[in-house]
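Two forms of a single protein chain come next, each set out by itself as structure tokens; they are called structure 1 and structure 2.
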Structure 1
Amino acid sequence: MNINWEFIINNVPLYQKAAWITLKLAAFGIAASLVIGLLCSIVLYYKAAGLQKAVRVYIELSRNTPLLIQLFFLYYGLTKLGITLSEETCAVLGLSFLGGSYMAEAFRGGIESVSRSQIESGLSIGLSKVQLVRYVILPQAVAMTIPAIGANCIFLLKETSIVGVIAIPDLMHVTQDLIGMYYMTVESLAMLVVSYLILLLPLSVFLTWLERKVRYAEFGN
């Protein structure tokens, strides 16, 4: 099998550009998911009447449907209602709709992992509800949620591979184009894999390290 290195070198800028788009969309998606997730977990934690049900419905809908369909619905379906969104807006909306529920679960897990006795001790030394959250629950919950949030970030970054279907020139889209135009299948696929490895490997290694640190903080061994 002959590998056409010239083709690979010529197309590096194209993949670079696509990787930036992927990263940019993922960053916006992750940021929005964190906000949505935090809000949802607070609603669930304080059992805010009425809102709680809405949040539950949202979480179930988002967790049990594929991103591909969410994107198609946002991009092709909503136009018919007179709501026309740009490709990028759709992608970020879709990613945050999906990511929000995953982040909410991560935050909830963290809050629930703070033991009952910690909360009771806090109350018994006379902390107010706000102080309790600020000094007792949050510091412990955040440490516990870091691994889950990290895993969700990787998950969302990987999910961006789907946004190419709504005509965003991301890594997948560029690869598909190159295969279609030049039949340089092996070269294009190799560049695709290398691009994702460059994006994801450092993150994954960093997370494994962070997880170990957190576990250290938790058990001290």
Structure 2
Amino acid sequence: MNINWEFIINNVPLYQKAAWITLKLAAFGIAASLVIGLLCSIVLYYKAAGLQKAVRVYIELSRNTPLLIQLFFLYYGLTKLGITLSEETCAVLGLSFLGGSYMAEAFRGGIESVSRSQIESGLSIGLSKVQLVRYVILPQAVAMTIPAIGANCIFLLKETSIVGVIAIPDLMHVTQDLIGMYYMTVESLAMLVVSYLILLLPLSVFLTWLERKVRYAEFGN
């Protein structure tokens, strides 16, 4: 098989630009997902009246609809309702909407793993609910949920491959364009794979290191 290296070298800048867009969208989406997930998990834990059902509806709606459909609704559906959002805003909202529900489930699992005796001890020394969450529940819950949160971060980064459907020049969109224009399928797909590996491998290595550090701090081995 002959590889057209000149084609690959000439299009590296195009992939660099697309990789930056992909990374930026993923970073905003993951950050927003963490905030949404944490808030939702706290609402579920305290069974906040009126909000608990709304959070459950959001989680079920988010997890049981494809990101593709969510993006179409944000980009095309809202326009019909008189709300026009940019492509990047729709992508970040879509990733946040999807990721928030997965993060909520991850945080909820961590919060529920905190032993009842520690919570009762916190209450017995006069901690308020906010202080209990801040000083007792969250530090342990976050440590326990690092693996799940890491898996969700990687999942969301990979899900950015769909945002090209709303005309964002991400890695997948650029690859499809190059294949359509030059029929350089092997070269284009090879650059796509390498680009995602460059983005995902450092994140995966960092999360593995973080998980080991947390485990060492918790169990001492």
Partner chain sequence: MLNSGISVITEGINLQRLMGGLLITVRIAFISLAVGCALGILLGLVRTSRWKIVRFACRLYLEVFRIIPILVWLFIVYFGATGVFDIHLDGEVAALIVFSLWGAAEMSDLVRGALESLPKHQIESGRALGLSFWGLYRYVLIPQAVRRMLPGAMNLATRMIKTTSLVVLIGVIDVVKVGQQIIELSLLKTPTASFWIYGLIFLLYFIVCYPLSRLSKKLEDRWDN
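What we label the rigid core is the largest C-alpha set whose atoms superpose within 1.5 Å from one form to the other. Residue indices: 1-based, along structure 1. The structure presented is a predicted model; accordingly, all values stated were derived computationally and were not measured.
Student: Compare the two displayed forms of this chain and pick out the form predicted in complex with the partner chain.
Tutor: Structure 1 is the one predicted in complex with the partner chain.
Student: With the chain broken into two rigid parts between the two structures, is residue 88 in the part that holds residue 177?
Tutor: Two-body split between the two structures; residue 177 with residue 88, same side.
Student: Based on C-alpha superpositions, what is the rotation angle in degrees of the smaller rigid part between the two structures?
Tutor: The rotation of the smaller rigid part against the larger one between the two structures is 13 degrees.
Student: How much does the C-alpha of residue 121 shift between the two structures, in angstrom, given a rigid core superposition?
Tutor: So the C-alpha of this residue moves 4.0 Å.
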